[in-house]
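As structure tokens, one chain now follows by itself in the form predicted alone.
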Amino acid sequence: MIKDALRSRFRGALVGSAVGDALGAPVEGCTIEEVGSFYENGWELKSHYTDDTEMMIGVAESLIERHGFDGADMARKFIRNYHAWRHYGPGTRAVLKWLEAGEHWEVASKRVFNGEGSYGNGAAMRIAPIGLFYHDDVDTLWEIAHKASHITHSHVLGKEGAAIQAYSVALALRGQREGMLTCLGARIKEGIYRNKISKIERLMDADRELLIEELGNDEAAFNSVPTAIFSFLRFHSFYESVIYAISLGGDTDTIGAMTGAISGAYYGEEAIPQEWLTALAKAEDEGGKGLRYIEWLADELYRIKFNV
């Protein structure tokens, strides 16, 4: 693959994740009908990104600073970047509080949900930088995705969902749209994910209601990661995939972010509508880490990965 195209795909994954997040944010928790009503005059990006992107930025910052995974450093990045107004979930807020108080990153996340840890999609939503950085080594990618997830989401289904999302980003980056489901199926261990990934191909012509019934659209990783993969595979453009993912309602910001990451990794930043990029930059102009910073993170991951 031409390196300029690969660099664009690094940018596409991170920026695409932020765009999908910001588009989905105003309609999080809405029904299909409510999403349609909100965007009835066109799919205009008119929101800040949420915790999905803020935590994704922390993952990228840590990988760049440490030239690879460092759990303690990544946890510190999450704490440093934390802004409550970006709508963090209660489990993640509790874990970050314990981490800030000095709890070890391998221990804190085990304290939530009666010691079982979270199987939410809060790790999968931020995992795109790991999919990029370890795209050429699937075994390491899988291991690191599980470790990075564990910082806040220690349930095996939360960690598996993050690994599946990271691998999907890696496959998209490598241009492996065809055969993506076969590759994923060969790696997935947990039955609920194997079952849902196996359904995707036959659901391609399903209406949205059936798709939600079969794959889900809520905060559980197993009810959202397969849906993001489906949204990418059903269409042949960044725009169509992302708006479809959000049109399903439910956990729209996270499913939008995950779809945007996979789609951006495949199509590159140039495929993202310019008006969305402009709006994302404008939304974060008041001190947030906006479009230019996210592009810089992608460029740095690319530079370190390929020693350029």
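Numbering starts at 1 and runs along the sequence shown. Fair warning: this is a prediction, and the values are worked out from it, not measured in the lab.
The protein also exists as the form predicted together with ADP-ribosyl-L-arginine (F2R); that form is not presented, and the subsequent description refers to it.
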| query | finding |
| --- | --- |
| is_contact(Q165, ADP-ribosyl-L-arginine (F2R)) in the predicted bound form, heavy atom dist at most 4.5 Å | no |
| Distance check, E54 to ADP-ribosyl-L-arginine (F2R) in the predicted bound form, heavy atom within 4.5 Å | no |
| L23 within 4.5 Å of ADP-ribosyl-L-arginine (F2R) in the predicted bound form, heavy atoms | no |
| ADP-ribosyl-L-arginine (F2R) contact at H155 in the predicted bound form, heavy atom, 4.5 Å | yes |
| Options 268-276, 32-40, 247-255, 64-72; stretch whose heavy atom lies within 4.5 Å of ADP-ribosyl-L-arginine (F2R) in the predicted bound form | 247-255 |
| In the predicted bound form, the residue from E143, E100, E214, E116 that sits within 4.5 Å of ADP-ribosyl-L-arginine (F2R) by heavy atoms | E116 |
| R194, K110, H87, R208 - the one with a heavy atom within 4.5 Å of ADP-ribosyl-L-arginine (F2R) in the predicted bound form | H87 |
| Residues from 119-141 in contact with ADP-ribosyl-L-arginine (F2R) (non-hydrogen atom within 4.5 Å) in the predicted bound form | Y119, G120, N121, G122, M125 |
